[in-house]
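Let's start with one chain on its own, the form predicted alone, as structure tokens.
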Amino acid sequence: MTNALENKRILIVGGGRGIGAHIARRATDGGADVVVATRGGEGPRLDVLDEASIASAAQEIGPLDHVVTTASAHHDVPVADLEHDKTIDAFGAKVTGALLLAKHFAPQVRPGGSFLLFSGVVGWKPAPGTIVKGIANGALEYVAAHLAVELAPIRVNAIAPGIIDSGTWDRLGEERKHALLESAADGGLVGRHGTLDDIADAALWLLGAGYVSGEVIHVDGGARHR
């Protein structure tokens, strides 16, 4: 699965932790040259809410084979509690950020390359208190389809994960995290929650899948069907 990435140069935006960091490790193990960009810390600085930082990073990083972005800015509140700026940032991180990454990095992507965006199951599973995240994630389906046409022959795809034990839920504490993951297992079709390797397997396959473009791959254990 990873042979297609050998000697490929991959940018991972938001690769400092969680899903992005795991994809970076797996791609590196597969022989890729991985560049991790974050809003701070080591490596190139890139903030998807700041176009100047995107343009600067594109010039600094140079030619690439693939661009992966896991950037997000959650605003999980009921409609009555929406805050304008946080709502704009949530859409900016997922939707506008993806468009601006395409604007500045598409000229750097070599033939056969691709963009990989990250959506989420909440886009297909409306629930109270997740309206901003749900709509932003759902919009990625159209972002991927339209960018795939706009940037062709560069490929553009997205992954929509379900509930993944990625470290994100550690903040809930052991008991609440366990309950959440158990609920995710019961709410899917395969009887378990997702793992980082489930997502990395799909990501590495999509990066090397040269005949797939404009698609959303759902890695949610069938949860959206319940």
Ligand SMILES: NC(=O)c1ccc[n+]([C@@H]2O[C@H](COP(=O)([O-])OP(=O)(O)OC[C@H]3O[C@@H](n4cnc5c(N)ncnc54)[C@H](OP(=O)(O)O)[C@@H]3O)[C@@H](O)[C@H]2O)c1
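Treat the numbers as computed from the prediction; the structure is a model and nothing was measured. For every residue, the number given is its place in the sequence shown, counted from 1.
Keep in mind that the form predicted in complex with this ligand is not shown, yet the notes after this line are about it.
Using a 4.5 Å cutoff between non-hydrogen atoms, S114 does not count as a contact of this ligand in the predicted bound form. Looking at H75, you'd find every heavy atom of it more than 4.5 angstroms from this ligand in the predicted bound form. Although the partner is absent from this view, R17 contacts this ligand in the predicted bound form, with a non-hydrogen atom inside 4.5 angstroms. Interface membership of R176, defined by any non-hydrogen atom within 4.5 Å of this ligand in the predicted bound form, is ruled out.
Partner contact region in the predicted bound form: 115-123, out of 102-110, 145-153, 80-88, 115-123, criterion any non-hydrogen atom within 4.5 Å of this ligand. Among the residues A185, V35, L49, L64, the one placing a heavy atom within 4.5 Å of this ligand in the predicted bound form is L49. Contacts of stretch 158-173 with this ligand in the predicted bound form, defined by any heavy atom lying within 4.5 Å, are made by P161, G162, I163, I164, S166, T168, W169, listed in sequence order.
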